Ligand SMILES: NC(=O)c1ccc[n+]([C@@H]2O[C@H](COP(=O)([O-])OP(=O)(O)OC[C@H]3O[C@@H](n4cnc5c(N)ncnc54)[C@H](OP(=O)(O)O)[C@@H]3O)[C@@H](O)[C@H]2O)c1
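One chain is shown next in structure tokens, namely the form predicted alone.
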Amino acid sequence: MILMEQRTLGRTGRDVSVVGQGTWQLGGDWGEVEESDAFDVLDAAVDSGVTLFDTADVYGDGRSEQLIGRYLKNRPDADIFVATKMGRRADQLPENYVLDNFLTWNDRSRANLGTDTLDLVQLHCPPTAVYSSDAVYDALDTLVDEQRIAAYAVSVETCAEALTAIARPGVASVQIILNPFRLKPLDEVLPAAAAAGVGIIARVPLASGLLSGKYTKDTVFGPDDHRTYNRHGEAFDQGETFSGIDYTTGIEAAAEFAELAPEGATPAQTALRWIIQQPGVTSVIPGARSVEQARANAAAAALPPLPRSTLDAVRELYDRSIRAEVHGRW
């Protein structure tokens, strides 16, 4: 088993790998994945040094959590920190974010994952008003007091939501979209989180695969893939698909980004390395649908830091091609 750099995940006090494993893909929203294939992906991640799995109760309507629960039962040697999420299975109304619902959602996730106490539960991009509700945080504190969860956190769409959550003393970490095509969190969110001792989990690190450099303007995604059905925010926030960037614009920018990859590194690994070295980031959680992807993602942790010239080139590309589409929205 490979040893990977570990960082403390904010107020949880727990160390996790700088590259984690996102498991949205294993739930089925990127096309069907067989259980044996999912286990192979998780094995590859663990054997490559990954110690953080990120999931949610809505991924495959619980399938992702169930797969992780069964996997960890079969891999007692794997010391994995599991971060799950709750809230997106209900209508997205602030009045649904109450203790009774939290208890119901928590019971389901604990059953799916096969554990009495969840390592971390994140509010899953709830309505903006939820982040400012004292009652919501009181309810989350109750889950901690009852040892249903060890810690709680938030997953956000906007930088403003992140800053609101960081100010709350019980919030352990913030999960936010951060990648070379989404730079706004660098301005205020990462510095504020570092000052408060709050962890940062970077999601959508490859802009839904754009930054891998593998796609073209003619690439066709399956009908059950969110890159087909959510390009304009039809099902959930548009920013979750291609980071909210127009697909054609993203393809053109990704081709330029690929030219910045150092020798021996893929464009995807370069994007992950860029995220890892941003001050304040705890872990980045790329997904994977194959053993090869999982291993390649994890290998990004061992790459040397990107030089200042590359960081400057990323900023210039963003400012020229991407900023106008995304910076003011999230």
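Note that the coordinates shown come from a computational prediction; the quantities given were computed from them, not determined experimentally. In case it trips you up, residue 1 is the first one in the sequence shown, and so on.
Below, we turn to the form predicted together with this ligand, even though it does not appear here.
The single contact residue among Val281, Val33, Ala301, Ala268, judged by any heavy atom lying within 4.5 Å of this ligand in the predicted complex, is Ala268. Of the candidates Tyr137, Phe102, Tyr215, Phe81, Tyr215 is the one whose heavy atoms come within 4.5 Å of this ligand in the predicted complex; the others do not. Contact annotation for Ala254: none of its heavy atoms lies within 4.5 Å of this ligand in the predicted complex. The shortest heavy atom separation between Ala296 and this ligand in the predicted complex is within 4.5 Å. Residue contact check for Gln175: one or more of its heavy atoms lie within 4.5 Å of this ligand in the predicted complex. With a 4.5 Å cutoff on heavy atoms, Trp24 counts as touching this ligand in the predicted complex. Between 205-213, 102-110, 245-253, 188-196, the stretch whose residues reach within 4.5 angstroms of this ligand in the predicted complex through a non-hydrogen atom is 205-213.
Although this ligand is not shown here, in the predicted complex the stretch 271-297 places heavy atoms of Ile285, Pro286, Gly287, Ala288, Arg289, Gln293, Ala296, Asn297 within 4.5 Å of it, in sequence order.
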